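Take a look at this single chain, the form predicted on its own, given in structure tokens.
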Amino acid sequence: MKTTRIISLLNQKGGVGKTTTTVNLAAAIAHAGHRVLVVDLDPQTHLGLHFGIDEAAVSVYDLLIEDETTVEQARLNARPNIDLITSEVDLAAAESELASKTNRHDLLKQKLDAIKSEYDYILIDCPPSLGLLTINALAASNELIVPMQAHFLALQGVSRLFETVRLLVDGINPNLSVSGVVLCMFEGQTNLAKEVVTDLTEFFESSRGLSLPWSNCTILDPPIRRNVKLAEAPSFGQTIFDYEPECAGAQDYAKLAQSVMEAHQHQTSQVIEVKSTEELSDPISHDAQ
């Protein structure tokens, strides 16, 4: 049975390349032949503008607030292999409206469950906060990717974010794991960037083998180099592959998408290998389970 990868992209700090990463990762994965749904949960509505879509008759606000609204009604085709559910400014008021609902943490999950088999990937662009919108995204996801800059304060913010994820895993979504960190606007020649990479690597290595949502997390390769074309593309309503497909930013996101896809294949093969070994070494206990 096909497993749809539902990935939230989240950082509590704004301006770190989160939406740029969501858009261009989706575009690169779609170019590889996979069907992708992109959901904009950020009230800034930048994701839709990045695809050249200003607004839609039905947005993610309607999807969350109105019980009868479905994903089929809300989604638009943004590119070949890419469907989009747009946001709107009114989504900022949804926090208080959602608070009165008994199933307020699972509203997005319930809507996505109905259609997720149609897609290989669902990418959710989260707001830069940890309110009910973000909780809905994390409750619906099986993976979290954290775009960040190689700055000391950003490193501290990621540490706090991971602790919050651990609480959510314990209380709402035990299937959620942090699969990777994407370094955006990266300037690898600076000492600060090198120190942050070293600190992150040591932090992840110290978590290996522990029962933590980030125990298998890695720094996804490659880092996204600072590139002016990535900043220009949204003003034309284009992905970096539409706007300047030969630039450094396009090359980096194409390689990043390959890393994301291959990492999942590697993890899946490891699970299959472990299960096969268990079956051979202990068939009695396996059957008993």
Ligand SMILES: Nc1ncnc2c1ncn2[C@@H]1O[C@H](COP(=O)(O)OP(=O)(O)OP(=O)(O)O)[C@@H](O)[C@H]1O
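Predicted, not measured: the structure shown is a model, and the values here were computed from it. Note that residue numbering begins at 1 and tracks the sequence as displayed.
Omitted here: the form predicted in complex with the named molecule. The next part is about that form.
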- Message: Counting any non-hydrogen atom inside 4.5 Å, which residue from 135, 71, 185, 155 sits next to the named molecule in the predicted bound form?
- Response: 185
- Message: Within 4.5 angstroms, counting heavy atoms, which one of the listed stretches 42-50, 26-34, 62-70, 254-262 is next to the named molecule in the predicted bound form?
- Response: 42-50
- Quick one: does residue 230 come within 4.5 Å of the named molecule in the predicted bound form, counting heavy atoms only? yes
- Quick one: is residue 240 in contact with the named molecule in the predicted bound form, heavy atoms, 4.5 Å cut-off? no
- Query: Should residue 224 be counted as a contact of the named molecule in the predicted bound form, where contact means heavy atoms within 4.5 Å?
  - Reply: yes
- Query: Does anything in 112-135 come within 4.5 Å of the named molecule in the predicted bound form by heavy atoms, and if so which residues, in order?
  - Reply: 128
